[in-house]
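There is one chain below, alone, in structure tokens, taken in the form predicted on its own.
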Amino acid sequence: MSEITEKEIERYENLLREMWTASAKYLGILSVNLLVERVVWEVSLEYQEIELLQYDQDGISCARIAARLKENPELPVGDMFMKFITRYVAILARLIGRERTEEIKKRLNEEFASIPFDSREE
């Protein structure tokens, strides 16, 4: 895996951790894990490797996805994570409301400026 791809995975993992933590404040850990499970299922219809995303009461990890990238460096990581993030934020907005979701998106945009957040359906 190239250093750039490794940094990209690390960046997405940090972003997902921040999303997971911010969401847990409103929904609780159990509900957030159910939300992640739902989005993983939806995204896996197009990108099966998203099923390698690990999540539990302690948080979220992309370690197994990073390991898969060593086997398949052609995996479209950016597209896969953007689809996950877009779908996650769209469902989150329905659960906690657009105003709270906008607060979360604003905080995430400050830390991850190069990753656009959109809660609208595709």
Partner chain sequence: MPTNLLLSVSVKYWQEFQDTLAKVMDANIYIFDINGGSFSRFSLPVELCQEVNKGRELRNEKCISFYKSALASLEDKDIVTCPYGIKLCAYRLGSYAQKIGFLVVAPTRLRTQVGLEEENTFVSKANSIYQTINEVLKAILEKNLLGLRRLELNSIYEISRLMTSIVELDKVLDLITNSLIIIYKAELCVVGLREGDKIKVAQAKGEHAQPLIGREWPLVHPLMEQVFSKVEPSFLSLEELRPLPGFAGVEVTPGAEILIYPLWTALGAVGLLGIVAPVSMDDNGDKNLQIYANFAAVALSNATLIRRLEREAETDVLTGFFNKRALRNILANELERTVRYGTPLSVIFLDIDDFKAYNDAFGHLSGDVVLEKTAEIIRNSIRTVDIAGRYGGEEFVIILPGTNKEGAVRVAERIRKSIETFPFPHRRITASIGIASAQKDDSIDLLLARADQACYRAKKEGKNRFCLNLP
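Numbering follows the first chain given and starts at 1. Computed from a predicted model, the values in this text were never measured in an experiment.
The form predicted together with its partner chain is left out here; the points below concern that form.
Peer 1: Which listed residue (I60, V77, L35, I50) meets the criterion of a heavy atom within 4.5 Å of its partner chain in the predicted complex?
Peer 2: Checked against the cut-off, the match is L35.
Peer 1: Tell me, out of R98, R107, R17, R11, which residue has a non-hydrogen atom within 4.5 angstroms of its partner chain in the predicted complex.
Peer 2: For this set of options, the contacting one is R98.
Peer 1: Although its partner chain is absent from this view, report whether A66 comes within 4.5 Å of it in the predicted complex, heavy atoms only.
Peer 2: Close contact is absent here: in the predicted complex, A66 is far from its partner chain, nothing within 4.5 Å, heavy atoms only.
Peer 1: Even though the partner isn't displayed, in the predicted complex is E46 close enough to its partner chain, meaning a heavy atom within 4.5 Å?
Peer 2: Output for E46 is yes: heavy atoms within 4.5 Å of its partner chain.
Peer 1: Counting only non-hydrogen atoms and a 4.5 angstroms cut-off, does L27 reach its partner chain in the predicted complex?
Peer 2: Heavy-atom contact with its partner chain at 4.5 Å: present for L27.
Peer 1: Though only this chain appears here, would V89 touch its partner chain in the predicted complex if you measure heavy atom gaps against 4.5 Å?
Peer 2: Contact with its partner chain, no.
Peer 1: Tell me whether S31, E42 and R94, taken together, all sit within 4.5 Å of its partner chain in the predicted complex, counting heavy atoms only.
Peer 2: Answer is yes for this spot.
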